[in-house]
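Here you'll find one protein chain in two forms, each presented separately as C-alpha cells under the names structure 1 and structure 2.
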Structure 1
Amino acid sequence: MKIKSQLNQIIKDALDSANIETKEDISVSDATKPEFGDYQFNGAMKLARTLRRNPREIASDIIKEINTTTLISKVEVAGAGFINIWIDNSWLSKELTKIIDDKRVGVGVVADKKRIVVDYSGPNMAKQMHVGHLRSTIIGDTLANLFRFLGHDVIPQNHIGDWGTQFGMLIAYLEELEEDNNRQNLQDLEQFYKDAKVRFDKSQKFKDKAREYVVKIQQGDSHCLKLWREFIDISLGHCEEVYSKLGVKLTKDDVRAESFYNPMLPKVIDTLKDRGMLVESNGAKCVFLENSNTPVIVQKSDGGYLYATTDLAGLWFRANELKVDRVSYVVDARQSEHFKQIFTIAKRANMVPDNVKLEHIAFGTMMDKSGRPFKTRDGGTVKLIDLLDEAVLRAKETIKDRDSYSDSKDLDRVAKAIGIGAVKYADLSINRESNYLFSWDKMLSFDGNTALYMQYAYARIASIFRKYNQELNGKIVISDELEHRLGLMILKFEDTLLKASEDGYPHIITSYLYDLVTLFMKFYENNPILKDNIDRDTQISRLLLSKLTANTIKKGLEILGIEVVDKI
C-alpha cells in the first residue's frame, strides 16, 4: 500500500485548488510522535520562502482544500506551519481486511520494471570464504531478494578472480597431488595454497612449470584448462557449502569470472584510445581524471591488464549485452575511489549509456569487541563456515531449555534458523556504510533489534493460533489507538521496501520490522485476544490483525534471507 504517494497526490490537488504554484520537491513524511498525527507535511515552510508569505497562512489555505472523506480523517496546522495528517480508521479497516490472505501483504509490483545486476560475494578462488566475505554476501543477497520481490528483473553476478599468475602454481600443484593420489589436501584450501607456495619457492623446476602453465592456460591448452577448471570447481564447492548454510541463493550459474571478460580487454583499450582518453606514462596506458593526482592504469608496460580494465569490460558487457538499467556493486567501502573512477570512465567513454544507474553499495568493516577487524585469537582470518557453525551451537544453548522440542532434529532445525538469522540480522540491522561490533550476546538476545526478537514475536502469534484452533472468518475493525498504529504500520510495508530499494539500504527494512514488532507487543499486552470476556467480532478482528502482523514479519524476514519458526 503506497500511502505516501496517495497523500502526496491529495496535497498536490489541494495546492492546485488553492491556486498555489510550486516547483519545489515537496512531500509528506512520517510523523515523529503519535500526537503529531500519522504523517506530516512541512512544505508550507518551503513555499513561504518563494511566495514570501507566512507559512501558517499557507498551511491554512492548503488544509481548506484537503479532501477528508476517505483516506484522511483529520488535518490540522501545527507549530510554524506543519500540517498534521491522521488516517481514517474506517479506511484502515477496509484496506487491512483486503490483504488478510494476500501472500504479498499488500505490496504491489512496480510499474516501472528495471533490469538490475547485483554484483556480490566475490570470494577468492584460492582460499576458503572468511568473515570478510560475509557482508558483501548477505547485503547483496538481500538486495537481490528485495528487487526481485518488487518485480524487477534481477541478474545476480558473483565476480571471482580466476585468472593470473597464481593459477599456474595452483594447477601445477594440483597435478602433483593427483599423480600421488593425494586429494586430502584440498579439504583445506588455505593449507593447499600454502603448500603450493612452499613448493614454488623451494623448487626451481616446479616454479618453471608453474610459469609455463600460466602461459598454457592463456593459450587454451586442453590439459591445463582441465586442471584449471577442476580447481575452480573445487573452490566453488567450498563457497556453495557456505551459501547453503547462509541460505544465500547464489549458484555456479551466477558466477561471472575474470576469465570471462579476458577476451574483451583489448576492446576496452581500443575504445578508450578512440575516445582520446588514453595517455601513455612510463610505458603504461592510463586515463587521467580531473581532481585526481593518480592515473587509472588500464594496461601495464608489459602488456598486462589490471582490475580496472576487467571492471570496465564488465560494465560494457552488462550495459550493452545484458541491457541492464542498474548495476549495483556490493563491495567494501575501501574500494569507493576505484568505483568512482571506473564509473566516470565508463560513462565518459560511452561504454555505458547515461540512463544506466551505476552504484557502489559500500559497506564498513565487521569489528571485534576491541574495535579491531574481526580475527581469530592468533590473528588469522576467521573462516566463515566456522563462524556459522558456532552461531548455530550458541543458538542451541540459548533456546534448549525454553520449550519442549519433539526431538533433537526439531531443536537442530530451530537452532539453525535462529543462529544463522542472528548473524545475518546483526549485519543488516545497521547502516551498511558503518563499521559494527560483532557481539554474540547482543545478536542472540530476546530483547532489542535482533532476529530473535522478530522470530519470537512470530512464534508468539503462532502460539495464539494453536490455542484458538478454529476457522477464522470476519473483518478487521480498528477501534483504538494501538490498533490504529499497528494497522497503519502494516500498510507502510510497501513504502518501506520501496525506500530501501531506492538506495540499497537493508537497515530500513530491519528498522521497520523492529517498530512493527514493538507495536505488536504493546497491542498484545493491552488488547486481550483469547479471553472469554471480549465479544466475538472484536476477537476476530484482533486475531486477523495478529495474523497480518505475522505475515508481514515473515515476508520482511524472508526478504532478508531469514527463516521464521513456529515456537521458541
Structure 2
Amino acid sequence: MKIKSQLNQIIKDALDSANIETKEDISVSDATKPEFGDYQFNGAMKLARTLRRNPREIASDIIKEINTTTLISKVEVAGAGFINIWIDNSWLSKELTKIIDDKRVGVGVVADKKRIVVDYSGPNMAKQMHVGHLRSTIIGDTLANLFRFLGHDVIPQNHIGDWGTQFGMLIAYLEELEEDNNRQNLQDLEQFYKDAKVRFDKSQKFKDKAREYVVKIQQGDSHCLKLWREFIDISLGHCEEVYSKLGVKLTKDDVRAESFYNPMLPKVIDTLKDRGMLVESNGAKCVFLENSNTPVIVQKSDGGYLYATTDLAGLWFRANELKVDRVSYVVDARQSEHFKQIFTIAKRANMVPDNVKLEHIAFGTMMDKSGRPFKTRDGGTVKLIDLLDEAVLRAKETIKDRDSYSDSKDLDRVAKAIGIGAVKYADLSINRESNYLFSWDKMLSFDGNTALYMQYAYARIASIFRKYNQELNGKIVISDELEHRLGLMILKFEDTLLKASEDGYPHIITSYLYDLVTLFMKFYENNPILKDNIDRDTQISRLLLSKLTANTIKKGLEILGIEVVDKI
C-alpha cells in the first residue's frame, strides 16, 4: 500500500484549500516516536521562512482543511509547527483484510516501468573470485530482485574481466598442462595462477611465448582463442559454483564480458574524436575533464585500450542496443572516480541520452574483526567457496542441539538457509557505502538485526499455525496500540521497497524487517493467540495479522535472496 503519496496528496490539497502557495517539496516522513503519531509533516517550518509567517499558524491553517474521515483519524499541531498525523484503525483493518491472500502482500506494480541494467559480480577470470566480488554479487542480486518485483524490466549483466595481458601467461601454461595431460591442476585455480606465475618468472622462453600469445589472441589466432575460451569456461565454472552456493540467479546468459565490447572500441575513440573531446598526450589518447587533474586515458600509445574504454562501449551498447532507462553499477567504492568520469564522458559525447539514469552503487570494503581488510590467517585472500562452506558448517553448529530436526537432511537444508542467509544479510544490513566488519558470531546470532532473527520469527509463526491447524476465515480488526503499529508496519512494505529502489539501498529493507519483527515479538508477547479464553473474532484477527507478518517477512527475505524455513 502506498501510504506516503496519499498523505502527500492530502497535504497538497489542504494547502490549496488554505490558499497557501508553495514550490517546496511537500512530503511527510515517518514519525520518530509513537507519541508524535504515525507520520509527521514539517513543511510548515519551511513555508514559514518564505511566507514570513508563524509556522504554528500555518500548520493550524493546514490542518483545518484536512478531512479526518477515511485514512487519517487525527491531526495535530505540535512543537514549533509540526503536524502529527494518525492513521485510522478501521482503514487499517480494511486494507489489511484485503491483502490476506495477496501473494504480493499489498505491493503494487509501478506505473512507470523502466528497463534497468544491473551490472554486478564482474569477477576477473585471471584471478580467483574474492570477497570484493561477494559484496557486488549479493547487493547486485538483491537490487535485481527488488527492481523485478516492483515490475521493472531487469537485465542483469555480468561484466567479467576476460581480456588483458595476463591471459597470455595463463593460456600458455594451460597449453603446457594439456600437453602433459595434467589438467587436474585446474581444480584449484588459485594454485594454477601461482604456478603459471612461477613458470613465467623462471623461464625466459615461457615468458616470450606468453607475450606472443597475448598478441595472437588479439589478432584472433584460432589456436590461442580456443585455449583462451577453454580457460574462461573453467574459470567461469568456478564462479558458477559460488553463484549456486549463494543461490544467486546469474547465469551464462547474463555474461557480457569485456571481450564482447572489443569490436566497438575503435568506434568509441572515433566518437570522442568527432565530438572534439580527444587530446593526445605522449602518444596516448585522453579525455580531460574539469575537476580532475588526471586525464582519462582511452587508448595507450601502443594502441591498447583500457578498462574505461570498454566501459564506455558498454554504456553505448546499453543505451542504444539494450535501450535501457537506468544502469546500476554495483562496484567497489574505490572505483567511484572511474564511474564519475565515464558517466560524464558518455553523456557529453551523446553516447547515452540525457534522460538515462547512470548510477554507481558503491560499496565499502569487507574488514575482519580487527578492522583490517579480510584475509585468511596466513595473510592470503579468502576463497569464497571456503567462506560459504564455513558459514553452513557454523550454522549447523548453532542449531544442531535444537530438537526440531527429525533427520539429518532436514538439518542440512536448514543449516544452508541459515548459513548463507547470515552471510548475505550481514552484508545487506549495513549502509552499503560503509566498510563492513565480518563477524561470524554477530551474523549467526538469534538476536539483533540478523537473518536468523527474521527466520526464527517466521518459523515461530509457522509453528502457531501448526498448532492452530484449522480453517482461517474472517477479518482483521485492529484493536490496540500494538496491533495498530504492527498493522501499519505491514502496510508500509511498499513505501519501503520504493524507497530502497530509488538509489539502491538494500539496508532500507533490512531495517524495515527488523522493525517489523521486533514489533511482532512485542505483539505476540502481549496479545495471546492460542489461549482458551480469547473470543473467536479476536483470535482470528490476531492469527491473520501473524500470517500477514509471516508473508511480509518471507517476501522481504526473498528479495534479499534469503530462504525461510518452517522450523528452526
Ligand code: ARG
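In this text, the rigid core denotes the largest set of C-alpha atoms whose superposition between the two forms falls within 1.5 Å. Note that the coordinates shown come from a computational prediction; the quantities given were computed from them, not determined experimentally. Numbering runs along the sequence of structure 1, starting at 1.
Engineer: Where's the form predicted alone, in 1 or in 2?
Structural biologist: Structure 1.
Engineer: State, for the two-rigid-part motion between structures 1 and 2, whether residue 415 travels in the same part as residue 381.
Structural biologist: In the two-part motion between structures 1 and 2, residue 415 and residue 381 are assigned to the same rigid part.
Engineer: How far, in degrees, does the smaller rigid part turn against the larger one between structures 1 and 2?
Structural biologist: Spelled out, the smaller domain pivots 7 degrees relative to the larger domain.
Engineer: Can you give me the Cα shift for residue 212 between structures 1 and 2? Core-superposed, in angstrom, one decimal please.
Structural biologist: In the core superposition between structures 1 and 2, the C-alpha of residue 212 moves 3.3 Å.
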